[in-house]
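In structure tokens, the next block holds one chain alone, the form predicted on its own.
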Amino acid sequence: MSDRVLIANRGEIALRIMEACENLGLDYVCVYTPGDEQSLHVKLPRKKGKHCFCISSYRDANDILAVADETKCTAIHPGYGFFSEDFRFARRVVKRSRPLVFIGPRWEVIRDLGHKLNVKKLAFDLGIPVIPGTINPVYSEIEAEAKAEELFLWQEEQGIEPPRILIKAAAGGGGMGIEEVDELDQVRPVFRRIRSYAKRLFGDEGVVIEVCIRDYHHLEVQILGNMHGELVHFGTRNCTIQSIGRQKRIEIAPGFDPAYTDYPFDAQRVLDEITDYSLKLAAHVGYDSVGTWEWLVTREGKAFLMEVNTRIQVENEISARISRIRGREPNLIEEQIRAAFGDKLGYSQKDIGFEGTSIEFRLIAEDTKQGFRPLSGVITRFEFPEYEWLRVRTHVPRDEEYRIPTEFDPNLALGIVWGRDTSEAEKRGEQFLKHTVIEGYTPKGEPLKTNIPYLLEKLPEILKFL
């Protein structure tokens, strides 16, 4: 293939995209900011003689497109975060005087599915269950208070005590721009805060107000589509173990496992239901890339569509680890790239099977006992075991000190384990965590903390309603 891909991201996802490009025989170009000079996503491509350009910011579209033009790239892969769900950037990429391939969905799809309320309206019209709350964006404090009062009253009538609502940025994602409210007099100040935050971060001050669902599991459905109308899924994931800021910490595929733990509902029926609903919405919008449909499932087995993420995700690899296309494990980033370049799948849903359980651990420099406070500093020792059932995705070098950049989340590595069943995957996950060593010091000279003890503590809770 003569195409060249600009990888407009950093860290482990940049490395995964490089690997996918190499597997497909594609050339690629990397970018980085000064704080990332030590990252493996800079060091490794340089060793291979690849172009690697220093830019001012991963959020500077002009810088990124200038590099693409200078190096004669034909496509841009945004990874996750940054420009991955920015429909304006995707539109600019494909409509400029020297158009490029945007490796992701069509910009119209990103626009339509990137807005929570639009997703909610589409789903509602298709008969897909959604969380009770606003269907249209709220911009007025008076309207926000009236809707909140209505939702508080509805919960009281349903016997839900104490009633709570969520006030969310309509264009938000990744757990950002969400606050929980349990008193009517809190609504206006929280609404003003979220509206301001949403305008600043997302350029859209629309706000969602909905019932706060409690005692739930957070499930995902992994979808792949293409421009030929082909559509398949790669099963479900469970992302319930999260920080207090709703940031995922442990993910597991499949999303439920009745052989591992008991459920007060028909777990397989729920998995089939959310998969069918996700495919229904994907087909309706003509989804043409990798994407994730996110669901909340209550203890009673009621499922509610929450949002759609129109990008590759941190946790997509555990879906790949349990999937088999005619016996072969797929690489979903490769499939995403193939879809963007117009390839047909070459297989259908009947060719996809599932095998075993996979768990992903996000290793992060953070103080979990202090509100998951992110930490910076220097890593002096980073060691992890090597097993055939383990993959570690990391941009942190193992043979030298590494300074954690302060301008990004201090994500250090992903540990991905596979087992023939959930019990084996859990034991292997524990083995991985106990034999992984991350040492260093903070800017104050104190020992650097990570979330490994927290991950070990939470591992026995996977897939369970407690």
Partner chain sequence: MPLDNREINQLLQSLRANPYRLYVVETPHTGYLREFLVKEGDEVTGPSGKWMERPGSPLFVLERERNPKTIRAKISGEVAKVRRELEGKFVEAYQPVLEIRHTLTQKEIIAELLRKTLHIVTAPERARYFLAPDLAKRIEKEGEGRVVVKPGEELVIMSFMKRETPIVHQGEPMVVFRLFFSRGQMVEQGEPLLGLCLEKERPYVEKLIARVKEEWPV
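Computed from a predicted model, the values in this text were never measured in an experiment. Residue numbers count along the first chain shown, from 1.
There is another form of the same protein, the form predicted together with the partner chain; it is not shown, and what comes next is about it.
- The partner is absent here; in the predicted bound form, the one residue of Leu433, Leu414, Ile404, Leu40 having a heavy atom within 4.5 Å of the partner chain is Ile404.
- For the options Cys52, Ile438, Leu44, Leu26, the one in contact with the partner chain in the predicted bound form, meaning a heavy atom within 4.5 Å, is Cys52.
- Interface residue remark: Pro443 is counted as part of the site for the partner chain in the predicted bound form, having a heavy atom within 4.5 Å.
- Taking the partner from the other structure, the partner chain in the predicted bound form has a heavy atom within 4.5 Å of a heavy atom of Pro410.
- The partner chain is not drawn, but in the predicted bound form it has a heavy atom within 4.5 Å of Asp63.
- Using a 4.5 angstroms limit between non-hydrogen atoms, Arg326 is distant from the partner chain in the predicted bound form.
- Heavy atoms within 4.5 Å of the partner chain in the predicted bound form are found in exactly one of 144-152, 334-342, 217-225, 68-76, that being 68-76.
- Scanning 345-372 for heavy atoms within 4.5 Å of the partner chain in the predicted bound form gives Gly371, Phe372 in sequence order.
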